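Listed next as structure tokens is one chain, alone, in the form predicted on its own.
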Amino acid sequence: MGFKLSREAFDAVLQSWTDDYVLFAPKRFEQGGIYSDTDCIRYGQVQAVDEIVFDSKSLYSFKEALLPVSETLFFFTEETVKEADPPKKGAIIFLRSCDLHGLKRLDEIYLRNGPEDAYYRRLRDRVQFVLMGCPHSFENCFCVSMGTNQATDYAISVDVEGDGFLVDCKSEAWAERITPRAEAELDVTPRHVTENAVTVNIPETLTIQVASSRIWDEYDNRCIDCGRCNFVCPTCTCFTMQDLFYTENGRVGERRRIWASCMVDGFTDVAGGGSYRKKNGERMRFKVLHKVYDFKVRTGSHMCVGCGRCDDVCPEYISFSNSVNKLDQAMKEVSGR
């Protein structure tokens, strides 16, 4: 069902949701940017429609609203272990098409890549998603190349239309809240991007010569191991564990799951002082091939969704899309085309 709503009416709908849900959406944090005297758009809790940023891309993905950067899994004493309580309310997350596709990648890793992750499941089951239409492409986006520029798995879609909103609702329960406030009922199709300034060409197959070639060597010096590309990515899922002890004997405390990064030095360290990927170029090769090759071999979909945030945030101006196109060019040279 489609509706046209005034700003005041849509704000009233949001207020009705707050009884049962916590609302997360891209919002502006003044003076919170990565450069001096700049703002940052990232996910945070919102109470009103005026707090939601519709006309800019968030620097960080929806992932930090679904998966806490630091999540307490359980508490322990000398005699007992107690799982941490889940949030008391469910959540509604506003996100764009590329991020909604990113959610499918998270589901694949946490729910189907081996035993189901119970902590992710209990959060995932209590979240609803509102698709934010994209009237145009943003800087560094390449969602069209990745096939993630359109999405259909949403509860509600929202597009800005003048001073109001166009809403497509797939939930009958939510439609009951919207209908009395709507100016009109009409057919609504979420706006989506049809072309990007950035395009990528992903080779369907790879040879070992290209996968292990010297095209990765430049990143040994360019990459500085900051891990920002992983932390802003909507599909990176790596984490580590941290125990916080309340007593000197270490027998009372809590265990936390903390985001981790495959690009940070020490991530692949193993017992005995070994490390699987010591050079930054090796880490870059692993990340790129995981995002656009081996994940698809296993699941049928590329892990990368083309949001371009890794390009946006890199302090060394390393472009992920360029690295993918270098892979394609290397394959053409090997095959003699």
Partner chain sequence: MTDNEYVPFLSKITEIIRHTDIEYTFRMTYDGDVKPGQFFEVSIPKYGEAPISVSGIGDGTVDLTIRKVGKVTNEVFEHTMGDHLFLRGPYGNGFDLDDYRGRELVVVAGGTGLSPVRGVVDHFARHPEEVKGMTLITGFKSPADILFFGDLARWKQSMEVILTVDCADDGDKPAACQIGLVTEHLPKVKLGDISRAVAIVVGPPAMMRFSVLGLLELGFAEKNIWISQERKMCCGIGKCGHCKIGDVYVCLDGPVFNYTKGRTLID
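Since the model is a prediction, treat every value here as computed from it, not as a measurement. Residue numbers count along the first chain shown, from 1. For clarity, a rigid core is taken as the largest C-alpha set superposing within 1.5 Å between two forms.
Not pictured, yet referred to below: the form predicted together with the partner chain.
- Each of T80, Y110 and R251 places at least one heavy atom within 4.5 Å of the partner chain in the predicted complex.
- D187 falls outside the set of residues with a heavy atom inside 4.5 Å of the partner chain in the predicted complex.
- A residue is said to contact a partner when one of its heavy atoms sits within 4.5 Å of a partner heavy atom; P115 meets this definition for the partner chain in the predicted complex.
- At the 4.5 Å threshold, heavy atoms of T268 reach the partner chain in the predicted complex.
- Proximity of F286 to the partner chain in the predicted complex falls within the 4.5 Å heavy atom cutoff.
- The contact residue chosen from D85, D243, E204, E172 relative to the partner chain in the predicted complex is D243, the criterion being a non-hydrogen atom within 4.5 angstroms.
- For the residues V160, A260, A155, I215, the 4.5 Å heavy atom test against the partner chain in the predicted complex is passed only by A260.
- Stretch-level contact analysis of 90 to 98, 145 to 153, 72 to 80, 215 to 223 against the partner chain in the predicted complex, using heavy atoms and a 4.5 Å limit, identifies 72 to 80.
- Taking the partner chain as it sits in the predicted complex, the stretch 149 to 188 never comes within 4.5 angstroms of it through any non-hydrogen atom.
- Put the two forms on the same core and the Cα of I258 is off by less than 2 Å between the shown form and the other one.
- With the core held fixed between the shown form and the other one, T72 has its Cα displaced by under 2 Å.
- For V210, a C-alpha deviation of 2 angstroms or more is recorded between the shown form and the other one after rigid-core alignment.
- Here's the thing about G250 and F239: their CA atoms end up at least 3 Å farther apart in the predicted complex than they are in this form.
- Cα-Cα spacing of T240 to G250 is enlarged in the predicted complex versus the present form (difference of at least 3 Å).
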